[in-house]
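The chain below stands alone and is given in structure tokens; this is the form predicted alone.
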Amino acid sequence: MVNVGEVFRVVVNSIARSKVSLIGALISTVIFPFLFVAAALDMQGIIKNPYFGFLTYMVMGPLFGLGLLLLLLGIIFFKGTEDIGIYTYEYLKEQFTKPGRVSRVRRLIILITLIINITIIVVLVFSYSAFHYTESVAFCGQFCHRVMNPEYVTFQNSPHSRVSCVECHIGEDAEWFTRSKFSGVKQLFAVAFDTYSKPIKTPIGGLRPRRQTCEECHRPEMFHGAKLYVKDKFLPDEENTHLQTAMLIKVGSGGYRGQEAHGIHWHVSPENKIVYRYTDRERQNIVEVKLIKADGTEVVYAKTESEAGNSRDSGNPDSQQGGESEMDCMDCHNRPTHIYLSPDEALDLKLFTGEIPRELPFIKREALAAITKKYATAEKARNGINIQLLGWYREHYPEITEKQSSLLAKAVRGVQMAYVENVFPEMNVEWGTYKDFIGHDDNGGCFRCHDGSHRSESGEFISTTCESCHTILAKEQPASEVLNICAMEE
């Protein structure tokens, strides 16, 4: 009669006599308690460090799985004839056919089944947790800190800071999920071997379908009317004069729910399909625009060869990366999340929020001079900004450094933040590295098409009328006066 305890002893001996099984047993036994405690702490949100999650799910989890695999392989392929007999068909047949042995074997089967099920559950839980970790903002933005720091910092300061990275960069479609994972593997190798580009190139062609992504939250049928927009600006004078520009942005409608397409979102109306041809990777040089109307007729607006320039033959690597694309959300909203401000905009924002005190004379002018200097690292930038501002006020306004040192210290911190939130010297991200196509600064954005040089065969030009998109109510006027104008408009 077979004793269950004896069978268990034979199994243990089998593990002990197989070096592979023994190594696997040691790995899984040592790793499991640490893995269990680490996972519990992570699930409770007690430890926020992204490297803790990596250690838990990407190091200890696979090691635990490897230990179990080695344990199983060692037992199955154990070569000892005496011990291997308990796994043969003849052995099992004998136990189920001889009276009195079935109940004992049943206990062993239940025990083995319980252990296997528990192991499977543990592996599945940790596999899911590992997958969830790789989808987290912490993994995307903080794990490769040096590489992704510009993207992570600007993401935190953006309107989409509560939207996880994978919502836009991966999504739910199986095709794009697979593509993104393969792309991620290549990126890991690039980071490991330091072959990634500095700065990181904008993945214009690498995002999943842009309208499908954006319109999950921003419903096009709800775009309508006009939006009052007030832009704050501070002059680089002694008083840091506060000026405002107020305008009505004609957001318009794409022509849904029976409305006629009008305003800015006329460009994404189902009644109009716009296809454009570009000659550079950044899609700043648009040489042809084709409008396909609802009735199928086409109007092509193109630049002449002299207007288009010779970028395709200039030897510029980007000149070979042209192509054709249908216009969608990202052609205007090209930086919806990773927003990099200009030096003026960054300082104006800090002055408006009070992070840089407006009471300090010439703070806008001196801050602008400090942050537009070249610095090798962010740390050197912080030190340089601090030294320059303190030195200037000590020389020209010694009473401020003596009696209002806390106010000056606050201003220095605000100026430093304006710099480190937008410039990342270690990744070669300087002021203006990434262009923003909202509006028409530096002849970009809207002016890529609405520049008066795209003409149809009939001689018609793409509209350059400012009133098509906005109505300016006040331009760079004192803030108090603009508030009165806006009140009257309302």
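Quick caveat, the model's predicted, so the values are computed rather than measured. Note that residue numbering begins at 1 and tracks the sequence as displayed.
The form predicted together with a small molecule is left out here; the points below concern that form.
Position in contact with the small molecule when the complex is considered in the predicted bound form, options 240, 416, 213, 279, heavy atoms within 4.5 Å: By the 4.5 Å criterion, the partner-contacting residue is 213.
Heavy atom within 4.5 Å of the small molecule in the predicted bound form - residue from 368, 420, 122, 327: Answer to the contact question: 327.
Heavy atom of residue 342 within 4.5 Å of the small molecule in the predicted bound form: Taking the distances in the predicted bound form, the answer for residue 342 is no, it never comes within 4.5 Å of the small molecule.
Contact flag, residue 67 vs the small molecule in the predicted bound form, heavy atom cut 4.5 Å: Residue 67: no, not in contact with the small molecule in the predicted bound form.
The small molecule contact at residue 439 in the predicted bound form, heavy atom, 4.5 Å: Residue 439: yes, in contact with the small molecule in the predicted bound form.
is_contact(residue 443, the small molecule) in the predicted bound form, heavy atom dist at most 4.5 Å: The answer is no: residue 443 has no heavy atom within 4.5 Å of the small molecule.
Listed range touching the small molecule, judged in the predicted bound form by heavy atoms within 4.5 Å, from 390-398, 407-415, 244-252, 350-358: Looking at the partner contacts, the answer comes out as 244-252.
Three-residue site 141, 229 and 434 fully in contact with the small molecule in the predicted bound form at 4.5 Å by heavy atom: Contact check passed for all of 141, 229 and 434.
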